[in-house]
Structure formats: C-alpha cells, structure tokens
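Heads up, the chain below is alone and in the form predicted on its own; it's given as structure tokens.
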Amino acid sequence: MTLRFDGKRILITGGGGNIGTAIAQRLAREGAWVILTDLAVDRIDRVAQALRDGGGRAWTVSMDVTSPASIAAALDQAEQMTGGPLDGLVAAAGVLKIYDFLDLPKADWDFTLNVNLTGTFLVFQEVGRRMVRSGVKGHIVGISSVSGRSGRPNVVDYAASKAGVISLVRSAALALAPHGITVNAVCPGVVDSDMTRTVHSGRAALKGITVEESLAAMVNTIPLGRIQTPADVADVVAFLLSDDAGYMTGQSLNVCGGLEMD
C-alpha cells in the first residue's frame, strides 16, 4: 500500500467508536501518525495499542469536544507528543438517541446538538487556527450522515445536527481556503456499528418488531444490497485527507451504497 500519509500527524475525535477505529487503522497502514481522542480513554488506549502492535504509530489524548479548554489542552498535548502541528483532522465524535418527534426532550436535543454540531465546530475552529498559525496546508474532514440530507422522525436531533455539519463544512471551507486548508465531510448510510444497532433497537421497540427485522428492512432499501462497513467510510475519509483530494473543499460526499443520491 502506498504510504500517502507517511509522517503526517492526523487527529481523530471519537477514536474509540467503530468508524473512528476503522479510520485510524486505515491511516496507520498508510504511514500516518495517529492521535486518537475520546472521553472513553480506555477504548482508545486499546485501539492505539493494537495499532502499535501492528507497527503503526499512535497516541491517545482525552478530549471533551464540547469544551474549548479541553480541546486546546488536548491539542497542546498532541503537538508535544508528536513533536509538531497537526496535518489533518477527522471529527468523528457523535451521539445518537431514539425518540419520536413529539417525545424528544429538550435536554436530549441540546445534548445531541452540543456534541455533534457545536463539538465539530469547536474542534474545526481550534485546529484551523493552529494550522493557519503554523502555515500547515492541512485537510479537515467531518463525519456527517445521510440523515442530514432528509427528515428523520425518530432521530430528529441527530438529523438536524448532521445537516448542520454539512453547512458548517461549507462555511469552514470558505474561511480556510485562503490558507490552503481543505474542509470536507463524509455522509455514511447504514453502517455496521454500535450506533446503528442502537437505532434499530429503538425502532424495533417502537414498531413492535425484532432488531433483525428492522435492520433487514433498512438494508432492503440500499441499492447496493448490503450493510456498510466502517472500512467503507474510512476509505473515503482517507481520500479526502490525502493530496489526491487537494482540489476538493466544501463538499459532503454520500458514502451509503446509493441510499441517498443528492
């Protein structure tokens, strides 16, 4: 495999999740120096150790994406550990809960928007500042979702937050383009992940069917006919972080097997 990221310092928020882990594995195989962040440090420690056992270079840092002070401290630590500024960022931290539209409590709405949208903004902003200050012409990638492309009556807050990420990517891309920094997003569909199982557990309970039946019904709507793997997401994220996508910015790519085509 070509080492497109040889020696590049790339930080991943939500590195302990299924998608974050797959992205870390892909980048490490291509020579990246991977910095994993999460509130659940034990999870990212295990991921990082596995990467090191496989010959990769990986570090872990605790980060609360809703706290500017936590983000700044984590980035300071990442720069100290790796000996330099970041070359890339993947904002993959996210949360999801299942409620019917009429039952969604405001507190849950606030929490989801705070993590998924405000958290992405805060990390984009601080990493962008540091890239500009250090003169790094880096690449930033956010994880949105096809849920942000259309309505979702059982995950209203999640869909709104992911639509917000798509808009945020466009604005950040315009702001950072004069500095040679690209900003893009990936919109996954039905991913084989803990989050997807949470979604279908909730939907199954609401509809009075099994989780397997709920998931099968969703997979039947995917033109390519299979559930998506975290590695499918990681492949496109790696592209957007690479110089192969150097002339792309402000874009949100659906990676969903044809589930959404806008």
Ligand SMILES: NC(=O)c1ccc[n+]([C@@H]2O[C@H](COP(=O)([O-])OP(=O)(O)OC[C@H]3O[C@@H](n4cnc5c(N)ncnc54)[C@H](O)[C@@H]3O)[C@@H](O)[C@H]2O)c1
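Numbers follow the displayed sequence, beginning with 1. Computed from a predicted model, the values in this text were never measured in an experiment.
One more form of this protein should be noted, the form predicted in complex with the named molecule, which is absent from this view; the next part is about it.
Asks: Out of 72-80, 126-134, 168-176, 182-190, where are the residues with a heavy atom within 4.5 Å of the named molecule in the model of the complex?
Replies: That would be stretch 182-190.
Asks: So which of Arg43, Arg57, Arg203, Arg29 gets a non-hydrogen atom within 4.5 Å of the named molecule in the model of the complex?
Replies: Of the listed residues, the single hit is Arg43.
Asks: Using a 4.5 Å heavy atom cut-off, which residue among Leu39, Val219, Val211, Ala231 comes into contact with the named molecule in the model of the complex?
Replies: Exactly one residue meets the criterion: Leu39.
Asks: Could you confirm whether Ile140 comes within 4.5 Å of the named molecule in the model of the complex, counting heavy atoms only?
Replies: Answer no; every heavy atom of Ile140 is more than 4.5 Å from the named molecule in the model of the complex.
Asks: Leu51 near the named molecule in the model of the complex, any heavy atom under 4.5 Å?
Replies: No, Leu51 sits far enough from the named molecule in the model of the complex that none of its heavy atoms falls within 4.5 Å.
Asks: Hey, in the model of the complex, is Val237 touching the named molecule, heavy atoms inside 4.5 Å?
Replies: Residue-level check for Val237: no, no contact with the named molecule.
Asks: Taking the named molecule as it sits in the model of the complex, is Ala24 near enough to touch it, meaning that at least one heavy atom pair lies within 4.5 angstroms?
Replies: Although the named molecule is absent here, Ala24 would stay clear of it in the model of the complex, with no heavy atoms inside 4.5 Å.
Asks: From first to last in sequence, which residues of 128-158 have any non-hydrogen atom within 4.5 angstroms of the named molecule in the model of the complex?
Replies: Stretch hits, in order: Ile143, Ser144, Ser145, Tyr158.
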